[in-house]
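Only one chain is included here, represented as structure tokens and corresponding to the form predicted alone.
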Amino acid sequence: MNENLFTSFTSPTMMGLPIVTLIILFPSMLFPSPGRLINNRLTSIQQWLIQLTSKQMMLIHNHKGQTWTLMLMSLIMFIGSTNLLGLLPHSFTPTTQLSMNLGMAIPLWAGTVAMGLRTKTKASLAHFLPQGTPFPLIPMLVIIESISLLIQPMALAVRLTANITAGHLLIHLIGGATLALINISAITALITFIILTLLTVLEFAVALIQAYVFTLLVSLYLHDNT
């Protein structure tokens, strides 16, 4: 119980060297490329889920937007697998780091905005000033719309970081409380353990939902600019 609550969120090191890069690259090993004529059940389920998600997510896009399919599917697989691996005991979750989430959100958001300015220049600039705006309100609305546009990648990153961090903190606190209550009240400890089990199941769902939400919002930004 004396362990620092935020120890699991610090970047791990080995022999004084950071190993965050190895942890980030590890999820790619969980999705091997099929090299057989007939795939096994695990690979078949994996391909079916990828096809189902890509079909649902890219349905609203035109041809230009569908060129981002590979990137968006890689993004959702990476975030989902990283979040799930972070639920293992004594593991590190890279998506709890705001710097990493900003590193994913800002380039993707900037790419969608740049595509919109290149392909739909007038429509993209028109978002800054709604039609029929009174002349005195034009400067204020331009500033407000500019801020709302610039805050989109920050909202993406903060949403993912906050949800994953909050879940890990709750599991840590309730797990510590369960251990402390074992010698005090077995019934209370059992109830706390049941709550911990249900919370862990909920965190598995949150890990996948947050990966989907992050990718879906990037997809919607892309749809608005293509």
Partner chain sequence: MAGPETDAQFHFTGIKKYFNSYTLTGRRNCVLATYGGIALMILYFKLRSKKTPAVKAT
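For clarity, every value in this text was computed on a predicted model and none was experimentally measured. Numbering follows the first chain given and starts at 1.
Another form, the form predicted in complex with the partner chain, is not on view; read the next lines as being about it.
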item: In the predicted bound form, segment of 137-145, 71-79, 108-116, 95-103 with a heavy atom within 4.5 Å of the partner chain; value: 137-145
item: Contact of L129 with the partner chain in the predicted bound form (heavy atom, 4.5 Å); value: yes
item: A155: touches the partner chain in the predicted bound form, heavy atom cutoff 4.5 angstroms; value: no
item: The partner chain contact in the predicted bound form: I151, any heavy atom under 4.5 Å; value: no
